[in-house]
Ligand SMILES: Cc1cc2nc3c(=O)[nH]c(=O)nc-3n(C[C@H](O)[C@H](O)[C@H](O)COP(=O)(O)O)c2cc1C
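Starting off, we have a lone chain in the form predicted on its own, written out as structure tokens.
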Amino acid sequence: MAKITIDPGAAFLYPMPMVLVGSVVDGKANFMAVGWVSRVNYKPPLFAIALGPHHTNKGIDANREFSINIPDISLIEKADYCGMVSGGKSDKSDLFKVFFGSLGHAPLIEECPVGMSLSLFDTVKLPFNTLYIGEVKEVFTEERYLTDKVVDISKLNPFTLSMPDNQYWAVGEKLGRAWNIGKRLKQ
């Protein structure tokens, strides 16, 4: 099968996790939808988010704290809204039930199955985006989202994003255990 090249601007991971990033801006909780997020270090646990010039950045820059909240599909409408509307023009502080852990400027969303509060570890200015790298300080969930004390993706029921077609997707079926399926090929 012949490979073809496509526009490098269309280079994305398929799919991307969809999260809500929270920061406190001008004394109010603000949330934005983010698909450009990844864990980038094992110890300490570091996550990176890539943000263009957004209102949320002001809170991260000023307070050096932020949150990453994983919504389930029941929150898709509110999550999408958070990606459409700037907190600089619309107050999103009462869109969710907000709580705080030990970090007073990392607003967490009670309705999200998983929420993480992070302190800013490093900032990397890129040509357009800013890469915020945060160290996880606390992770919040509920017993109902766990199986054997581990977050169970089928109970979490997250959704993902594909770009550049800008579509949301539900997570599919389990295929097998990682670092196990390929054992036969090691022999």
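Since the model is a prediction, treat every value here as computed from it, not as a measurement. Numbering starts at 1 and follows the sequence shown.
Keep in mind that the form predicted together with the named molecule is not shown, yet the notes after this line are about it.
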query: Partner-facing stretch of 63-71, 115-123, 32-40, 142-150, counted where any non-hydrogen atom is within 4.5 angstroms of the named molecule in the predicted complex; finding: 32-40
query: Candidate spot G52, S86 and Y168, all three touching the named molecule in the predicted complex (heavy atom, 4.5 Å); finding: yes
query: Residue contact check: V24 to the named molecule in the predicted complex, 4.5 Å heavy atom; finding: no
query: The named molecule contact at H105 in the predicted complex, heavy atom, 4.5 Å; finding: no
query: Residue contact check: I109 to the named molecule in the predicted complex, 4.5 Å heavy atom; finding: no
query: Residues from 137-165 in contact with the named molecule (non-hydrogen atom within 4.5 Å) in the predicted complex; finding: L161
